Each structure stands twice: as structure tokens, then as C-alpha cells.
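Have a look below at one chain only, the form predicted alone, in C-alpha cells format.
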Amino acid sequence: MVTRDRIIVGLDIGTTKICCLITEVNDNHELEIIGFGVSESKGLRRGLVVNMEQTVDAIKHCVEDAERMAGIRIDDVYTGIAGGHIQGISTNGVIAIKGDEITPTDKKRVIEQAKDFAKPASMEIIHILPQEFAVDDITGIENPVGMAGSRLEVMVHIVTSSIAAVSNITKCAQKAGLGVSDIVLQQIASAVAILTPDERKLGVILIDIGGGTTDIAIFDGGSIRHTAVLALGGDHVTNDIAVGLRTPIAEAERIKIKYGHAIAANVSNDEQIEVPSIGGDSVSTVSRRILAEIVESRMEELFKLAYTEIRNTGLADQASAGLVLTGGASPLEGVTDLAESILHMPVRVGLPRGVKGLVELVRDPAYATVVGLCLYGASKSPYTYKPKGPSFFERILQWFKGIF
């Protein structure tokens, strides 16, 4: 029998798809997949909710499929957030130490002090990520608790999000009958599922190519140093194919996945593919190289934007472990070679890791975020799942109170 307090659920509300992953913390403290559901997403654009009704319906559909597979009902989820409204800033906090040694309270106080910076009224903080501490003249400290000193400083990376965007994601989950335990930046969730501890320590760049956006995260010394969001994603490639080959969006997506190649020079002119026309009245034959030219053009633009963003941080030379691609568009043929030629560093495609059970269901870069959401939730409460919002029964009670 499944113990409810060991259940952790990830809900990835993306531009292209919405997927729900139900996991259980087993007796070996490992995360085991017991349920999975996925549905087409039609209510989001570039990571933002633009149609709440369609988004809620898609959430309900994939949650029901996951619940049916797991044989349980779920109440609360960890969900991700992305979009051009996301902003990351690195800043610091400094406090004076009054006692003989630094306490956990001092550590918490200096992190809180780092939050004190000017931000727009329309934004809220969703992550405060400590990078390193300094005690007096000693820098590069991971945990200062117990050390002696008179001055404690912390460097942090703070991630902010539009208040409206967070509210809309939360409302969609609630209208689907779910509480939200936490909202997690998508590239942070993907990094948990994709990157190894050695990569984080040596320095690595993660690029998560989603449907509407491409998320970037740079790690060094085990900590996150920079986050960014590009307003380009896999859907832009699909739309280019649909326009260029004059075919429906659904067919363009199918053709992209089955025949797409990111380097046109590696595709023969003699290779032909069948392309259905808009309306479905006829099928035309097109050289696969033309398709590759369309894909290459858009992917080249994406990687050049990523290269500029990474170079502007000054952290590119610290990425000793290279670059890791993930997301739905990353498995396209030729993508790693194109990325290496533009970004000038070794590139690999990352698959989700760190889970047991029905792993074949999520062995795809497209599911990195949802796996990472579950792993993130497990790291916050490895043995007991404690939702922040009201439980299912509390919501029922509130409903009855509303009636009477």
C-alpha cells in the first residue's frame, strides 16, 4: 500500500506539453516512479498562461492519467515556471557577528539581508541561491556555521518572477483540484535531473530548449552563478517548418522530430520526404535538405543568442565540464555538432537520472523538468511530504463552509 506522506508529484506546465509525474520515496530513500501522464498544452505561450480554461483542462487530463497508473489520488504538486519575465541577479549580504562563533541564525540572517535590494513592485522572489560565504578575509566557504569571525558575507543568486505569472500558474493548478507545494524555476529543476555533482563542481552550462523558451543556467564550484531565458524554443522551429513547407503545425512537428537535422550540409539532396498539404487534400515530395536548412537557420539563431548571453557573463571559460543540452528539441540530429561549432565547447545531451521504477516512461530530454521537480521536492522533504497549501480534505471542508 502506498504511504501518502512519501508521495512527491511533479507537474511540468509547459508551452508544448503538460506532464505529471507521481513518485514515491521507497524504503531505500530512492525516488521511484509509480505514475505518469502527459497531455498537449494549448493554453500557454512562451511559458505564460494565456488561456486558463485550456490549461486547466490539460492539467486535469494528464493528472488523471498519472493517478490511474499509480492507483492513488494526489493532492499537491511541485510545479515549474519559465518565461521572459524571469530575471536573475547576483548580489551579496553582509552582517556583523556578535558572538564567539557563527550560528545557523547568523547564516539565515545574512541571507535575509541579501534579499534587501530594489526590485519592481510587479516582481517577487522565487529563489535565493547561496553561492559562497566569506568570514572576515577568508573567502570560498560553503558553510560558515561554527567558524569564528567578526564579519560574515554571502554571495547569492536571486531569481525573481512576475507576480501575475506565479499567480496564474497557481490558479490553474488550484482550479484543477491541486495544491502547489512550491514553484521552481524550470532550469533549476532540469539541472537537478541532468547534471552530475562533478559537472556542477568543475563548471558547466545547461541549456534547456523548451517549446516556447530556452532556459540557461551556469554552474561553477557546485553553485549556480547565472540564469537567463531566451524567447526562442522548439515551437519556433516547428512554425518555420509549417510556413516553409506549407503544412499544418501538427504535421510540421511530426516531420521535425522524424526527419529534422540541424546541419543541412550533412543531408543528401537526393533524400526525399512526404509533406501533407494544409487541408490534407494532397501530399507533396520535398528534399530533406530543404527541411534541414529551415531547422539549421533557426537553431543557429538560438545558439548564437545563447553564446552572446554566456559570453556577456564572463563565466564561459570556467565551464570546464562543457555544455549540457536538454529539452524537447535537443535530441534532433546534428544539434550537438551545431552547438559545439557555435559555442566552442564540448556538448552532450542530458537524459533524466536519479529515479527508479518506470524509468522508461521518462527516458527523454523532454521530461527533464518534471523529473527534476520530483527530485527537488524529495530534497526538501526526503521522508515526509508536507504540502504548504490546504489538503484535499481541508479543501472539501472549505467548500462545504462556502455552501452553508
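This one's a predicted model, so the numbers in the text were calculated from it and none came from an experiment. Throughout, we count residues from 1 along the sequence that is shown.
From this point on, the text means the form predicted together with a small molecule, which you will not see here.
*Asks:* With a cut-off of 4.5 Å between heavy atoms, is residue 79 one of the residues that contacts the small molecule in the predicted bound form?
*Replies:* No.
*Asks:* Would you classify residue 238 as touching the small molecule in the predicted bound form, given a 4.5 Å non-hydrogen atom cut-off?
*Replies:* Yes.
*Asks:* Should residue 102 be counted as a contact of the small molecule in the predicted bound form, where contact means heavy atoms within 4.5 Å?
*Replies:* Residue 102: no contact with the small molecule in the predicted bound form.
*Asks:* Does any heavy atom of residue 88 come within 4.5 Å of a heavy atom of the small molecule in the predicted bound form?
*Replies:* It does not: once the small molecule is placed as it appears in the predicted bound form, residue 88 has no heavy atom within 4.5 Å of it.
*Asks:* Okay, which stretch from 138-146, 329-337, 171-179, 216-224 lines the small molecule in the predicted bound form, with non-hydrogen atoms inside 4.5 Å?
*Replies:* Contact-bearing stretch, as computed: 329-337.
*Asks:* Though the small molecule is not shown, can you say which of 375, 62, 343, 366 has a heavy atom within 4.5 Å of it in the predicted bound form?
*Replies:* Only one listed residue qualifies here, and that residue is 366.
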